[in-house]
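Provided below as structure tokens are two forms of one protein chain, presented individually as structure 1 and structure 2.
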Structure 1
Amino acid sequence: MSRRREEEQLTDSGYREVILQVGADKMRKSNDPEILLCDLDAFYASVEQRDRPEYRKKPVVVGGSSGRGVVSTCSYEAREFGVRSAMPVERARQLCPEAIFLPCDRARYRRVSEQVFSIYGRFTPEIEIVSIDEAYLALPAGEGLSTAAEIHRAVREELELSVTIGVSVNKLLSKIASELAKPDRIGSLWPAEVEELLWPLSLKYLPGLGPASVQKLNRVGITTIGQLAAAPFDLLQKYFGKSALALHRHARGVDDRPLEPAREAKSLSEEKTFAADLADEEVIRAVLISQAENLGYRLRAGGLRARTVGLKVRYADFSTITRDQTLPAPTDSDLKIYRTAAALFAAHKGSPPWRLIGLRVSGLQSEEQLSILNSAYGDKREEELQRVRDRLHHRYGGAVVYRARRLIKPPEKD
């Protein structure tokens, strides 16, 4: 059965009560906490389709409210025509003229995002918000898959949205598991499966490895993650300097980056490596807006304000600069972060094209106000968590749980 057909079945028949192939994984003997990466599917487009039933099952493209019009995201129906995030809206119109084009209503998406994160907050207090639609959750050993099933069902039933959840023992493997499982599924990828499932994948599945690095490695015959894991360390050091060690470990599925709830973070950052070197300043500005919005959101979610905004630019010759600007007063405002970033970019843009753009906020200070997550727990937090824990002892129906193994052909990724 194709992935697409399964997705339609899910939508047509409401919630399915199936857990597939989780038995063998349960044999793992480890007390390591398990990490979930929860990423909503086609988030902005899904909110539009949910709220306007006439848009459902149709190609929907959201974007164009800022700058000259770049696609923020699009429904999976539009993706079949080749439409992608960060593509000029004009190009999306050429690829899919029949699509429904909608402006981006970020305030609305943000409210929905807060509702989603407050559902997550019922299951664990250990949450790192990565962006408006993505968060890592830590769960006690053995509870990852059953909690993922619960969350998947709660988001579907309470908010009519679909979320993909990757489950493993570290951030890297959970992220890859979710990439492989998308959309609307739960996927796991355990350390014991790295050799069989991770190593045959092409390098583009390794988070953090930009297209230019992939090309560099391809030129010396390294095309799969397994080949990277087996590559001589000297070679990697020559190419990647200080990052070589982390890269080598990631290729082996090893990742000890801790979960960083915003309240404990020293800084928050966003980074985008461009698939092709980018020479269009309007697109850069659109990326900066989206990064500033994500950072503003993450600050507010953690009840934080930032004193400093930093910009990172990588130029065509791979040279990279970072420049910081201290603000007159700490902020959690998207607009202030964006304006500071845009001014830094104007001062340090050099000449096009650009390979990477990143934003970081630091000098974080706690606010008095309650964060999104804290307000989700309220006084009932302990009671609620206990109630959920008790229920976790039962076998859950609910989500469609796949091991990455079942997805024989990984989805195209670009």
Structure 2
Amino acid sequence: MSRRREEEQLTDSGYREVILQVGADKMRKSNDPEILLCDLDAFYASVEQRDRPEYRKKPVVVGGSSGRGVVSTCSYEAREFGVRSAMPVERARQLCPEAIFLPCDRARYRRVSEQVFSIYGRFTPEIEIVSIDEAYLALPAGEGLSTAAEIHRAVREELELSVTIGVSVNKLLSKIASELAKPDRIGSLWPAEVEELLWPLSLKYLPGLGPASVQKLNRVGITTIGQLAAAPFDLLQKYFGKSALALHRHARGVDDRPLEPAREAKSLSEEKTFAADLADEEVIRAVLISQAENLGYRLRAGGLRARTVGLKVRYADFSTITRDQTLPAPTDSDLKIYRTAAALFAAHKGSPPWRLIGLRVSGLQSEEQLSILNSAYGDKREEELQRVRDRLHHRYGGAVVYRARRLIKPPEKD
């Protein structure tokens, strides 16, 4: 199908207004598969605004109401006041006192997420789930934009949610196209357009490049992605070490990472990239307990247990470490996952500030694979509490029951 005919069909469907062509499609190989990055807009806050009409068009902040809470996400109305994800709730209150502050209802968000991913599955089985609100989809060449418009329509009409979709031939460019198209639109960015459209952009548009790294590059006169692409490799290596090669390739729009469909996944993970580098260990631990509870719930929902817990830490200079700990027996316990992650962080936290924190469980086994001997390692009381929490979360939402550890206060000064 010609691109002109494809755009005519989009116009006929009434969805041409959501299409944001970052550039014309030129010099693209006809047999290249296309990658879609589907990113639900302000997901948690959008679900709250959808389900509670009185919150619509008002600033909504999701992430807890306690003074030591962290903003998980916020509506676009709240973002106009400067509120951002990973910001302490108290700071968000200062910026937007009239905002509606809500605790995370993760069980409900997870159910809605599954409904969205079910819609994606109608169009392709090749889906890599990045997070609760983000996924990559692979489509045959030439079908990206038309499929994106159909997905956009289905999510809007069936679930009353908005999704931004980036279309390209690799994960990196589809991610950037999505960022440029936000919110609630469809964008595309092709390899032949990198020089014209990507290189003039500021460094903040390159995924994975944090504020501290941007500042380092700015100090040596590199302020755009094009300048980064043209920079001497030895200079980048000086500042970024082993990450320099990937950074240089990304600046040129090159990304060879394959799609990893869920059916092939051998692990589950949660990551949080902070809008600004963090130096507060208590905030990091609050994120870790949240990630552990999320992973524990996903394991139990899938009838799985994990043998290994892994921690990922990215520092302000973009350097990254990963550390794993193998457990005595497979587990689906939030508490065991968190304790292992907290111990790994304590041992390998390095020097603050931190740019990203991630938690992964691997060595997954189904309940049928577990031997009777493994039960000897189990905490029956904790397992029963988990079952009760899961039932309550599933029926009433995550706000019903809280783990006291999430309210841990920093130690008093001597």
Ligand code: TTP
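Note that the rigid core is defined as the largest set of C-alphas that superpose within 1.5 Å between two forms. Throughout, residue numbering runs from 1 along the sequence of structure 1. Just so it is clear, the model here is predicted, and its values are computed rather than measured.
Identity of the form predicted in complex with the ligand, given as 1 or 2: Structure 1, which is the form predicted in complex with the ligand, differs in this respect from structure 2.
Core superposition between the two structures, C-alpha change of F274 at least 2 Å: Yes; F274 is a residue whose C-alpha shifts (by 2 Å or more) between the two structures when the cores are overlaid.
Comparing between the two structures on the rigid core: C-alpha of G303 shifted by 2 Å or more? The answer is yes, as the C-alpha of G303 shifts between the two structures by 2 Å or more after core alignment.
Taking the rigid core as the frame, does R84 move its C-alpha by 2 Å or more between the two structures? Superposed on the core, R84 moves its C-alpha less than 2 Å between the two structures.
Rigid core fit between the two structures: Cα deviation of D317 in angstrom: D317 C-alpha displacement between the two structures, core-aligned: 8.4 Å.
Please state the CA displacement of A329 between the two structures in angstrom, with both forms fitted on the core. The shift comes out to 3.4 Å.
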